[in-house]
Every structure is written in C-alpha cells, then in structure tokens.
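Encoded as structure tokens, the following chain is the form predicted alone, with no partner shown.
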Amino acid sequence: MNCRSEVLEVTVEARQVEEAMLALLHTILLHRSTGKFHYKKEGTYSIGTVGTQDIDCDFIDFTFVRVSSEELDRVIRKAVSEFKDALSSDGMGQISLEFYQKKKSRWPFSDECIPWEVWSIKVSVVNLANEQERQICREKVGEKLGEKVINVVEVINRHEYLPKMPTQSEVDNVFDTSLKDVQPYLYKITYQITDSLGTSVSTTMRRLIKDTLAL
C-alpha cells in the first residue's frame, strides 16, 4: 500500500501556535471521521451523525470548524499543548497526523500498523517587535490558514485510497472506537523540534509585515 504524504507550512508567532495547529488538525480530522457505527447483524449497520462546531480563534483572525466532540478535542489539545511547550520562541518544529490501519498478525507477534495517509505541518515561530506588527501578523496568518484549509479539503476530496468499510469484527482495525460520540479513522500524532528559526523565514515574515505597513 502506498502511503500518501502531504506537507503544510505555517509561520506564526508563539501565541498563535496552539490555535493554528488546532485549526489544521481539526480540519483534517473533521473529514477523516464518521458517526458511530451501529451494527444490526454482521454486514449490516447504520452510521450515526457527526455534529460540528465553529471555533473562533483569539490570536488569529480565523474561524474553523471542528467535530463537536469534547473527547476528541481533549486528545488533540493535549498533543498540541505538548508540541507548543517544546517549541522555543524562535524555533521550528513539525507535528504530524498519521492515519493507519491494523493488520492482524499471528500469535505471538503484535498487530502491524500500516499508514495510509500522513499530514505533516511544519511550523516556524517568529518574534515580533510591537503590537502593530502583531495585529498585521494576526490578519496574515488568518489568510494563510484559510488557504491551507482549502488545500486540505481539495486533497481530501480526491478519489484516492481509503480503507474499506470493515465488518463488525474488524472495525477496530480501521477506526478508533474509543470515543462515545464520533469515530475517526485510526490515527496518531507525533512531533519533532528542529533547530532555531532560519533567517530566511524570519526575514520573509518581517518583509510581509513591513510591506503591509507601507500601504
């Protein structure tokens, strides 16, 4: 199986890291989740509804839509919070959302986890000099996130591989059934921190802000 790999890149100030990551991760998971399966008998099932919720950001001019599951939100927020705390105020890092399915192995071997889609979000953190620059950054990051969300939806709407709908006995090999109100495809979130922010990224953001100030 070929694993699809998508890369998104964002430049933000430190206080925007959490909201930017939540916006992108929740957008992806919104399109990679279903309602709970209700099996009547093997091979016959109905799918529950998935509620949605609009979330307004505090430090970015942006509103995103997420699955209205407090359980799922807590899991995502915990991972994002750990990533944010590990990032330095002028650092770079990457948080990845990997979807996979399990393949049963014979005893005594553990099940094999086979990834089929990976989203990597590369983050660069910049320091800004004053409140005027922060306000411009607030608007620019909002615009960029809007572009990224459109990009995510376009990629997901392509007719590419998805695990086939499982039978009742195999549902845990494809979906995370641990949540009571929603059923995302099996996934894991990982992150890594890289070296300090390169001057090229910092300069690009500052040039963007200065060009806006000049208008």
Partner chain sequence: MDGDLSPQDKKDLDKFIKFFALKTVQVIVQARLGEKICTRSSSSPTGSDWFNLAIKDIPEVTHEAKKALAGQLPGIGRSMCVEISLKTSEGDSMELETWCLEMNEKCDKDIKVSYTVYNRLSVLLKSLLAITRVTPAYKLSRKQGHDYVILYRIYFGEVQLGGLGEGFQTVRVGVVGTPVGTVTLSCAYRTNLAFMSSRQFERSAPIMGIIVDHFVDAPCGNQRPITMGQPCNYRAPDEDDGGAFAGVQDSQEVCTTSFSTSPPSQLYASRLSYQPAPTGGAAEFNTNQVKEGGNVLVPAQPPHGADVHLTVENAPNTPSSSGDEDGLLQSGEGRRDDGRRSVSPSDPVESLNAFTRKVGAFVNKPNTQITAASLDLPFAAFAPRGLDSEENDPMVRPPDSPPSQSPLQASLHSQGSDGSGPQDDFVMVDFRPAFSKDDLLPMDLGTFYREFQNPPQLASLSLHTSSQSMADDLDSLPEKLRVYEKNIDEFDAFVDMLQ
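Residue numbers count along the first chain shown, from 1. Predicted, not measured: the structure shown is a model, and the values here were computed from it.
What comes next is about the form predicted in complex with the partner chain, which is not displayed.
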Contact test in the predicted complex: L30 vs the partner chain, heavy atoms, 4.5 Å: yes
4.5 Å heavy atom contact, F62 to the partner chain in the predicted complex: yes
is_contact(S89, the partner chain) in the predicted complex, heavy atom dist at most 4.5 Å: no
Touches the partner chain in the predicted complex: T52 (any heavy atom, 4.5 Å): yes
Whether S46, S68 and K140 all lie within 4.5 angstroms of the partner chain in the predicted complex by heavy atom: yes
Residue among S96, S81, Q135, N127 with a heavy atom within 4.5 Å of the partner chain in the predicted complex: Q135
Residues from 139-167 in contact with the partner chain (non-hydrogen atom within 4.5 Å) in the predicted complex: E139, K140, G146, V149, I150, V153, I156, N157, H159, M165
